[in-house]
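Two forms, one chain: they're shown below as structure tokens, one block per form, named structure 1 and structure 2.
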Structure 1
Amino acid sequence: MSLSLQNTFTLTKERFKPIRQELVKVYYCGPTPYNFAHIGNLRAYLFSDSVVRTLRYLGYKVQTVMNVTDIDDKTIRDSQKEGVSLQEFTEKYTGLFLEDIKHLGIIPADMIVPISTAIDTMVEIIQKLLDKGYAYLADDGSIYFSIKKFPKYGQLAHLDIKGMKSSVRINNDEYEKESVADFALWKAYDAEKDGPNFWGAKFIIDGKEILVSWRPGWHIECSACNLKHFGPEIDIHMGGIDNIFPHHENEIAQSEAYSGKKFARYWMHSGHLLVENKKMAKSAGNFYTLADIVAKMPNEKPEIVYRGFRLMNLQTRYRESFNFTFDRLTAAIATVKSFDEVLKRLKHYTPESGKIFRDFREKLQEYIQAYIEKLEDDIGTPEALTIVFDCFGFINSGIDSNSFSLEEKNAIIDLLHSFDEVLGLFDFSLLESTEIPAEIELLLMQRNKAKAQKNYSLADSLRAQIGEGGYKIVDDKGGSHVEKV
């Protein structure tokens, strides 16, 4: 097998062929830092994380770029409401976003680019679009992209433009397919809305130099970010399905009209996180932040809630939308705990040194091969997880029957590390030896002796003493050990 990816552009699953084998260029649209991210937003980044981790796991050298939409209708509006500068405001929420993704084990992009640092490239693109006749200055003082000049407009979202009623032009960044229109590349300054936020740019229009303090539209920001950091062609562009239209459609129009080259080879989109079958959104008021779901689970450590949420997403095909429920999260947390139990069992399982048998080696190879095949089928994380569950069953029964050698145990640990390069779920610190105080070890020894002598009342009182010392006894088939409570 080899890697295949569902391409939104062609609506087919295609074999992945990078433009240059040496370096795969991957871009995904980043957050708009005007508030806390909700867990629906975070799902989009768990998706891109799975894709990037899989590519790296399969041996590709990958470079990732993510923008931060720090100039936008909402960031400008809310920074003024809070009475702080746009920079201070967006830096605060960008920092909180980075904390959230860290909690979820999402590997941050190699380059995280606030789009306010790419204004020069936006101006360069817009000037060329003006020169080539794709862009025009309208009466309202904004510069628009003329969609009729770009015959391929609508191909990503699979729109039949001819059959659609189109409004003339649109200044908002977000709009529905029904309002297909020329869209703003560079918006006229509106003192009431924009306050102190404007960027001076010089454009040459019809031979005349025009210098005005304006600001960019949303779509041009991602085109510029790509061009500045990757050049005109990239391998994979990702985002949530709501980004297909108009955002990604408009990105293609701007980037390809500018360069004359195919912008992104593969377009991948993740489904939505829903609440009672409705898209989770700030505007709908039906959202939870990561901190909200932690607060709603007071009996669980935050760290386990994060891993539960991560697992819940990996258990669903990335293109499917699914409902977030606390029952579902609770079930995922229970599964994460069962992984932890297996790691703890492995830690306390201390078999004799011996051989790695051929059957055992072949079994492990089968697991890894099946795991890779599932991932290669359009990042099939739910199916890859079924292989991992099967493998955990194999580990548990091997420990039960004490059938692994020390070398085999170590091979299993290596296999789990390998699985986790994509999953990012296991807590390997559970395998590290922790110092147990000598007096607790002594109490455990005395208790095991009492139990062997069937002196159960003494055994119970020693168990209680161990409990008072902050430890609990775990009896397993391989023997007894203590764990910190």
Structure 2
Amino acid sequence: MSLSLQNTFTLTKERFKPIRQELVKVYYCGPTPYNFAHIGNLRAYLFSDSVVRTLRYLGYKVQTVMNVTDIDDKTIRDSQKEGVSLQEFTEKYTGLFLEDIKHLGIIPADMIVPISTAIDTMVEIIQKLLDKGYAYLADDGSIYFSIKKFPKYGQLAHLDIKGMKSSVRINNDEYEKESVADFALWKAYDAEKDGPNFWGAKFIIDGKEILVSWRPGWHIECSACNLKHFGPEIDIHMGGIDNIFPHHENEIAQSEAYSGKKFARYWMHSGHLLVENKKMAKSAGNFYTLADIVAKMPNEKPEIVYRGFRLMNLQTRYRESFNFTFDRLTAAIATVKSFDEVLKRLKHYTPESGKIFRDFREKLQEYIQAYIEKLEDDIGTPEALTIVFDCFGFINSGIDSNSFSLEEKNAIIDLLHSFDEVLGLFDFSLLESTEIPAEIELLLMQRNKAKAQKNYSLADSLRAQIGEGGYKIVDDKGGSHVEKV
């Protein structure tokens, strides 16, 4: 295998070499469940899905972990606004997020970890950072990480620290990208903001046991999830480009200061999602959830919209900015429907049994080899799709000329299943046999007879009757058949 990945840390494309060949550890940042995920959030999970699917497709045994940031400034704030417990609030939006990724064919992480389940590990990390001098208790009652104690700070984001705004410390979970400051590992309790949401933790500081109440900071949560489930070293860490700084930069600092080991061997990030070439924002009227884009396409079934959106993402290099437009979504839906039509043609194509010819076998081998080569080049899904499109042309041409044997038809279906291990686009239920009502079959026979006799008015009348019964006639070179509308 010769998989190459673009490493954000080195800004170069590197050959992938896992820490242990027998198991690849992959972590990606999960949602903060305080509202519906928007399509920009979902783009990052479609990217992660493509990476994991590709690794498994290439034969790697992969284990994945995703956190759920159920303790956060926003989850605490909004749960109190709704007048419900933090757990009830975050479980509601976590469930809605999991529904969205299911709609998009995203394979869930092997372990989905609410960070509230990793508090003990966070306390362990913070205590060791205190012991090693990387962390300190500030006069505001919070514990901070001292970035000046970590000389490598800024290497992931390639920061010019001297050219950035500098402050002593920042207590908020998220802050300006231009700021560089000590960040909170554990926050002091603020009764006005936090209400009933706080966790007490005891830390040994300067030889004294001190109780620090409230909750962990945002960044320590991911480090704890990794340490708890993977240990101090992982192979790949993924996320959206917005997470590079400060979140991932801070993860590296606290994780490596704790363990003394390189935290992640490869860092991978997806590009921005724009809407009509503008940054998505509610104030701009271009802020969309998955449900929103389904609602904007009332003439399409939700399932086809989900597949169209998935295809749009696969058609764009994951590192590039992705410009969402409804025209592009419409075009992607049309492409998905064309895939479906080929599967329907395969279903109704009934060739004679025969051998698989050498030139046919070599053709399929060329397709699969080219497909793998595209994916091995930094998860090149746009390029891999060009191979798939060419293959569909080959399939249509073979059906038109009735040149495939039954065994070759089955080999084609196997090839499409192979492609879809990464793409997750094809509806193979279309290949399953469906029972057509006898009265519809009779109408089809009468229509075909009328058409052969050039009684077109009767043929059209019978077509209309079939349509009223919820079916449509498909005329193909192999004959005519009906399909459920």
Ligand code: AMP
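The term rigid core refers to the maximal set of C-alpha atoms that superpose within 1.5 Å between the two forms. Residue positions are counted from 1 along structure 1's sequence. None of the values given here were measured: they were computed from a predicted structure.
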| query | finding |
| --- | --- |
| Which of the two shown is the form predicted in complex with the named molecule | 1 |
| Rigid core fit then residue 19 CA moved by 2 Å or more between the two structures | no |
| Residue 434 C-alpha moves between the two structures by 2 Å or more, core aligned | no |
| Residue 276 C-alpha shift between the two structures of 2 Å or more, rigid core reference | yes |
| Angstrom shift of the Cα atom of residue 461 between the two structures (superposition on rigid core) | 3.6 |
| Angstrom shift of the Cα atom of residue 285 between the two structures (superposition on rigid core) | 6.1 |
